[in-house]
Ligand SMILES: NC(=O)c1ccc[n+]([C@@H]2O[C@H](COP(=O)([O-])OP(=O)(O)OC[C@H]3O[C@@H](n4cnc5c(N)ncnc54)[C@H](OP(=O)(O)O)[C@@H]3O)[C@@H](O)[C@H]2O)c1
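Only one chain comes next, encoded as structure tokens, the form predicted alone.
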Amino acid sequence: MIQNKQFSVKDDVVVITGSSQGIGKTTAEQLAAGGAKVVVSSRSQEKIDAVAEGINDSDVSGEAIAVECDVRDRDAVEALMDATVEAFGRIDTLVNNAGASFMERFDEISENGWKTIVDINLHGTFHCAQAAGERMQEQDDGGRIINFASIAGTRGAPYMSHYGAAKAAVVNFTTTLSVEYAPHDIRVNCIAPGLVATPGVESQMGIAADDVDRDSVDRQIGTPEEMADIVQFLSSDASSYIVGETIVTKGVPDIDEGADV
């Protein structure tokens, strides 16, 4: 974890959706270790209770509360933001991490399947950004919104057309919202990861955290801890000159041995 003062998140209030596992959970734990007041959220109260309890029972300087929320439900999102303000008085950073996907040929994706993925990944981001943004505009010093897209939204995504389309929209949404929210001192940025060793990736593709190799630079999969580092950077004063950007994280493409490069 970065310790330099400009990377500090001490006493910041951070809402992290989809934080019952994977990137969201790791980010919550890291920011709390840096002294942040973290609101963990997902559709499973039991799972996020365990995350918050783990943080609060540790010796970190931050703290956590758990608020159940389905980001597709605007009333639930409003309740999440209200609970945050009630507990901590403000919202400094929103991390729009909640997402979902499944792999399927385009011709086999049902209308319901398409709408579900778009609803969670795109409409959920809209709901949370708007609800948090309204509250940030009432603060004297604005805030930060960090949206999670995907490398699937920056290039072709075979067998994930629904997910790629939604994440491409998140990238554009980030750029547009950053302009509208800049006068309110709200910085909006985006992270578009390649493969990350999360439980979801392991269940879909059989790639586990143990498969991550850092002995060379031609790696093809990241870790939740590496994503949490980027979230901390975008949450802190160290990224004060970055607005409306999408940080794409990925390894070096495979090159055939003996290829002329």
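Predicted model only: the values in this text are computed from it and were never measured. Heads up: residue numbers just count along the shown sequence, starting at 1.
Another form, the form predicted in complex with the ligand, is not on view; read the next lines as being about it.
A.B. asks: Residue-level question: is residue 33 within 4.5 Å of the ligand in the predicted bound form, judged on heavy atoms?
C.D. replies: It does not: once the ligand is placed as it appears in the predicted bound form, residue 33 has no heavy atom within 4.5 Å of it.
A.B. asks: With the partner left out here, check for me: in the predicted bound form, does some heavy atom of residue 229 sit within 4.5 Å of the ligand?
C.D. replies: No, residue 229 stays farther than 4.5 Å from the ligand in the predicted bound form.
A.B. asks: Though only this chain appears here, would residue 54 touch the ligand in the predicted bound form if you measure heavy atom gaps against 4.5 Å?
C.D. replies: No.
A.B. asks: Under a 4.5 Å heavy atom criterion, is residue 99 part of the interface with the ligand in the predicted bound form?
C.D. replies: Looking in the predicted bound form, residue contacts with the ligand include residue 99, since a heavy atom lies within 4.5 Å.
A.B. asks: Is it true that 23, 163 and 194 each have at least one non-hydrogen atom within 4.5 Å of the ligand in the predicted bound form?
C.D. replies: Yes, the whole trio is in contact, each within 4.5 Å by some heavy atom.
A.B. asks: Heavy atoms within 4.5 Å of the ligand in the predicted bound form: which of the stretches 180-188, 105-113, 81-89, 148-156 has them?
C.D. replies: Careful reading of the contacts points to 148-156.
A.B. asks: Between 32-67 and the ligand in the predicted bound form, list the residues on our side with a heavy atom within 4.5 Å.
C.D. replies: Contacts from 32-67: 42, 43, 44, 47.
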